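This document opens with one chain alone, in structure tokens, the form predicted alone.
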């Protein structure tokens, strides 16, 4: 039976670059040859979530949401737009972090749809966060003498968003690789505005747990941390802030290793991906400083 992978994401009418990571990761997976088809669908761009299943000829479709946490989009918008009429969030049996897969028949196309949990709560996302630190510092062994901050929205936007931040901060901490690890938020304590207050080490890597670069990662966070007074003038990496060197990495979702997380989500749901995971890890885990 033929199998297709569909990566679904938010997209944006205002920021044309927001969909670029999704397209890039789809290209990487397509080149690995694990699926008969690899498609992308968006809430705010074409092809739309409502039509994306129609672009697949395969009978069996694995849908992986390029979202950080379980919430409104993964629990309501995407199932509705894909016409998964039997959808019930209870089928994920999740505590807000553990959504795995639920399988349905699409009402209009008759395809078997394996609807996976979001990439942001998968354990392998921790590897991508660390890889982001390696990339921004140009050091594959970065850790000793460095602090590490994971940044995201707080519970004001979505309780599960904060859970995902804490989850990955704890997993990075458990690696015992960085001297200090801290979860920081944009709209609640501990706030990213006060990043240097939470570290005693001089060097701090800051990685936003966002899928793509946009208003928050390119404007709000750099200004809030004091990297620059005006994002339009740019900032140094690392930037000197209150006696610290802040290595700001930009959105984790732009890291090429994200393709590995998408593949692992599909594999966990039962997709036959063969050697694609190993292949993608090899092609995306390039030496820091090399072109992705």
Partner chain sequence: MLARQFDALLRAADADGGVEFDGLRVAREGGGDAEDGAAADAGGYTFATPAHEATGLSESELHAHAEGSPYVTNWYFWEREVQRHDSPRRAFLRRAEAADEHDAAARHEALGDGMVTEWGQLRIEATLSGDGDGSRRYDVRHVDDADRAVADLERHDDPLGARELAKYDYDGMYRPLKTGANMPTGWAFHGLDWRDAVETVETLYPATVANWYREQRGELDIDHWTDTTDRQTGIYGVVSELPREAVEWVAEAACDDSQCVKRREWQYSADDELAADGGTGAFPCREPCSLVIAAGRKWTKLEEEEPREYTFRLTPSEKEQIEGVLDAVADGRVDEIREADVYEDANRYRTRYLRAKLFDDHGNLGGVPTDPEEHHEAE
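What you see is a predicted model; the values in this text were computed from it and never measured. Numbering follows the first chain given and starts at 1.
Below: the form predicted in complex with its partner chain, not depicted.
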At 4.5 Å between heavy atoms, only one of the stretches 220-228, 26-34, 240-248, 259-267 reaches its partner chain in the predicted complex; which one is it? 26-34
Touches its partner chain in the predicted complex: residue 279 (any heavy atom, 4.5 Å): no
Decide whether residue 171 counts as a contact residue for its partner chain in the predicted complex under a heavy atom distance cut-off of 4.5 Å. no
Partner proximity in the predicted complex: residue 203 to its partner chain, non-hydrogen atom cutoff 4.5 Å: no
Applying a 4.5 Å heavy atom distance criterion, does residue 275 contact its partner chain in the predicted complex? no
Is every one of 131, 147 and 185 within 4.5 Å of its partner chain in the predicted complex, counting heavy atoms? no
Note which of 112, 98, 155, 76 lies within 4.5 Å of its partner chain in the predicted complex, where distance is taken over heavy atoms; exactly one does. 76
Going through 198-221, which residues have a heavy atom within 4.5 Å of its partner chain in the predicted complex? Please give them in sequence order. none
